[in-house]
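Consider the single chain below, provided in structure tokens and representing the form predicted on its own.
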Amino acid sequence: MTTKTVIAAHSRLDARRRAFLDAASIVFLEKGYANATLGDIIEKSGGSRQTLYALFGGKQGLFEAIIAERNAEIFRPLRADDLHNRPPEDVLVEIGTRFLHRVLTPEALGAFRLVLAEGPAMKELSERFWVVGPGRTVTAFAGYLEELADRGALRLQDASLAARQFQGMLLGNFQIDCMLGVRELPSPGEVETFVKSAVARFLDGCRAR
């Protein structure tokens, strides 16, 4: 098998994976997780059951992949050098702004509504959503904050707790208000202003004296 053939095969597989994820996102939001079937997703994606199982293992694997992919977009653009060489307020504002933009999309809000509605009856769904979504974000935030503490830039007793508090500050009331439909999605300018204020307050509370 030539290199060109291998590249073409990978490209086709990536396209099928993307089609499955896009189709699953639509079906989950339209029908709910419990009522969505693999047949629905396969029909909308145009793929095969065999390929779906090979790529994701089933419905839960699809849901986890969707949430994990959205979460990864928050931190992917930052390299290790960016974290070490830039002022913490700049890094946190960039990450925080990207975080809010991701969690406040109609798709992300819909996924959160889905978990809230079906999670009590499907504990495993809620647990996996937490692990690959909010929990992974908290872990990433905590890792960066712990690095700052190790360098003497912040005073922290519990990096994980600080990360949860910072994430809560970023969300403010935006997520719940948008989910309830009592306000429109915030504009990019509104998000940036809010995040800068949240970062300033957070750092003022734990910056090393």
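Each form is matched to the other, and the largest set of C-alpha atoms that superpose within 1.5 Å is called the rigid core. Note that the structure is a prediction, hence the values are computed from the model and not measured. The numbering used is simple: start at 1 and walk along the sequence shown.
The next section is about a form of this same protein that is not shown, the form predicted in complex with a further copy of the same chain.
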Heavy atom within 4.5 Å of a further copy of the same chain in the model of the complex - the one residue of Gly47, Gly61, Gly172, Gly143 that qualifies
Gly172
Output flag, Pro120, Lys123 and Phe194 jointly within 4.5 Å of a further copy of the same chain in the model of the complex, heavy atom basis
yes
With a cut-off of 4.5 Å between heavy atoms, is Gly181 one of the residues that contacts a further copy of the same chain in the model of the complex?
yes
Within 4.5 Å, heavy atoms only: does Arg164 come near a further copy of the same chain in the model of the complex?
yes
With heavy atoms only and a cut-off of 4.5 Å, decide whether Ala65 touches a further copy of the same chain in the model of the complex.
no
Do Glu69 and a further copy of the same chain share at least one heavy atom pair within 4.5 Å in the model of the complex?
no
Just give me the residues of 192-206, first to last, that have a heavy atom within 4.5 Å of a further copy of the same chain in the model of the complex.
Phe194, Ser197, Ala198, Arg201, Phe202, Asp204, Gly205, Cys206
Align on the rigid core first; then say whether the Cα of Ala142 has moved by at least 2 Å between the shown form and the other one.
no
Distance flag for Lys31 and Cys178 (Cα, change 3 Å or more) in the model of the complex: the two residues are closer
Having a change of 3 Å or more in the C-alpha distance between Ile67 and Leu148, I'd like to know whether it is closer or farther in the model of the complex than in the form here.
farther
